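A single chain, nothing else alongside it, follows as C-alpha cells in the form predicted on its own.
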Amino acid sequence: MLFRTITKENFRKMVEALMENNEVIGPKWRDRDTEGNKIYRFLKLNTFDELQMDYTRSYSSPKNYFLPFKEDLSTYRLEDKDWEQEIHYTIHPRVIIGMRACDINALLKLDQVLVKSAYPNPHYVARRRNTLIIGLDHEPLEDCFCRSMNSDTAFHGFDLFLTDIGEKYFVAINSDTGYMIVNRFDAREVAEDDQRRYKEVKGRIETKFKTQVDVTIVPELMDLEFESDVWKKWGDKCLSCGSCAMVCPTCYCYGIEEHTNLTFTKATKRRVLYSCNLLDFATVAGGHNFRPEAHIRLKYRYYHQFRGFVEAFNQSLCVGCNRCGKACLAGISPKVVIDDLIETEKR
C-alpha cells in the first residue's frame, strides 16, 4: 500500500473532476432525529458543497448501492408462442466517497458470499467492479463497537482511504486507479510532520471507543444457550418489522417476485431485500411456517451473524456499526443481547 497527502483544496478539485464523467455518491444531511441529531444518507452529489465530510454515521448503509432494496433480474417478452429474455449486468462507473472502515469491511464480508461463492451474483459483481471507493476515517460514536469486531480499520476493499490531518488528507492508496487519480491532483510524498499528525489522529480515534462487546466466546455461546430464556425475553419485545436488516450493512437475505402484465405478453423477475425477522420468512408452500414465533426468528438472525457465518468464513458477519440498535423501535441491539447471554452463562 502506498501513502500520499493531498490538500483539501486539491481534493475538492479531484471530486469535481470525478463528477464530470461519473455518478458520485456521498454522505448528505437529510433530516434530524427526535434528539436533534443530524441524519445522514449516502446520496448522489450534484456539487462538492453537498458532501458532508464531517458526518457521523449514515442512517442506512452504502450497501444499498450494491444490493438495492429492489432490482429487476430479468424481463421476458412473450409473442407468437416464442419468448425473449433481457438481462442487464453493466452499470455506469460511479464513485462512493466517505465510506467508513466498518462499511468497507462489510462489503468484504458480502464479497465472500456474492463474489467468491460457487454461485456469484452477477449484478453485485458488476456494481462492485464499476465502483471506485474512497474511504474516510472518523471518531466513533458512543454506541459503535466496530473495534470489538476488528472492523475499525480497513486494509483493502477500497481505492483510496482518507484521514483528516488538518489542512490535508493523509491518503492510503490501494489500487492502480486510485493512484492515477490522486496523482493528477498534486498528491505529495508523506513528510515527517504529516506522519506525526497522522499517528496523533489515529491514536485519538483509538481512545474514543466507549462500547465494547466480548465476542470471543459468542460462537460457542450461541450453541450453549440455544434454548436460553434470553431469546424469549428479547423476542417478546421484537416487532418483527425488519428495520434491523434494512439498515444493516451485511444482511443479504432476499425474496423473488414475479410480475406479469394483464395481457401475458411481458413478465419481470424481481429480487427484493428481505429479513429473517419478518413473519413469513420461513413460510413454505402449503402455508407451514417453520419459524412462527418472533423469538425464534430473532435467535436465528443472531445465530447467522455470530455463529453460522463464523463457521463458514471464520469471521462474524456483524461489523459493529450498531445501525440495527439505532433503528430498532424496541431497543434491541447486539450488545444488550450478547451481554445478556454472557450473564446467563455465568450463573
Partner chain sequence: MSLQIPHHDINLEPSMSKPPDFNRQSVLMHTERGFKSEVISIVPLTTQEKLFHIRICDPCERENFTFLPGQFVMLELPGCGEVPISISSSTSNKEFIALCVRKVGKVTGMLHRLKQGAIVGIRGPFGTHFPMEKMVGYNILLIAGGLGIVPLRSPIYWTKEHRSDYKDITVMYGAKEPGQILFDYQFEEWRKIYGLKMLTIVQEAGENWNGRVGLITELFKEVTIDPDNTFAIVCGPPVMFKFVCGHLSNLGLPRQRMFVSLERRMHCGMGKCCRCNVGSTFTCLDGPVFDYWTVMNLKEAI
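What we label the rigid core is the largest C-alpha set whose atoms superpose within 1.5 Å from one form to the other. Computed from a predicted model, the values in this text were never measured in an experiment. Numbering follows the first chain given and starts at 1.
One more form of this protein, predicted together with its partner chain, exists but is not displayed; see below.
From the candidate stretches 138-146, 108-116, 166-174, 208-216, select the single one in contact with its partner chain in the predicted bound form, where contact means a heavy atom within 4.5 Å.
Correct option: 108-116.
Spell it out for me: taking its partner chain in the predicted bound form, does every residue among Gly157, Ser228 and Val230 have a heavy atom no farther than 4.5 Å from it?
Contact check failed for every one of Gly157, Ser228 and Val230.
At the 4.5 Å heavy atom threshold, is Thr56 in contact with its partner chain in the predicted bound form?
Outside the cut-off, so no.
Even though its partner chain is not shown here, does Ala17 get within 4.5 Å of it in the predicted bound form, heavy atoms only?
Taking the distances in the predicted bound form, the answer for Ala17 is yes, it comes within 4.5 Å of its partner chain.
Can any non-hydrogen atom of Tyr302 be found within 4.5 angstroms of its partner chain in the predicted bound form?
Taking the distances in the predicted bound form, the answer for Tyr302 is no, it never comes within 4.5 Å of its partner chain.
According to a 4.5 angstroms non-hydrogen atom cut-off, is Tyr274 in contact with its partner chain in the predicted bound form?
Judged by the heavy-atom cut-off of 4.5 Å, Tyr274 is in contact with its partner chain in the predicted bound form.
With its partner chain left out of view, choose which of Glu189, Glu200, Glu192, Glu84 has a non-hydrogen atom within 4.5 angstroms of it in the predicted bound form.
Residue within 4.5 Å of the partner: Glu84.
Select from 71-103 the residues with a non-hydrogen atom within 4.5 Å of its partner chain in the predicted bound form and write them out in sequence order.
In sequence order, Leu73, Tyr76, Leu78, Lys81, Asp82, Trp83, Glu84, Gln85, Ile87, Tyr89, Ile91, Pro93, Val95 come within 4.5 Å of the partner.
Once you overlay the rigid core, does the Cα of Gln212 travel 2 Å or further between the shown form and the other one?
No, because once the rigid core is superposed, the C-alpha of Gln212 moves less than 2 Å between the shown form and the other one.
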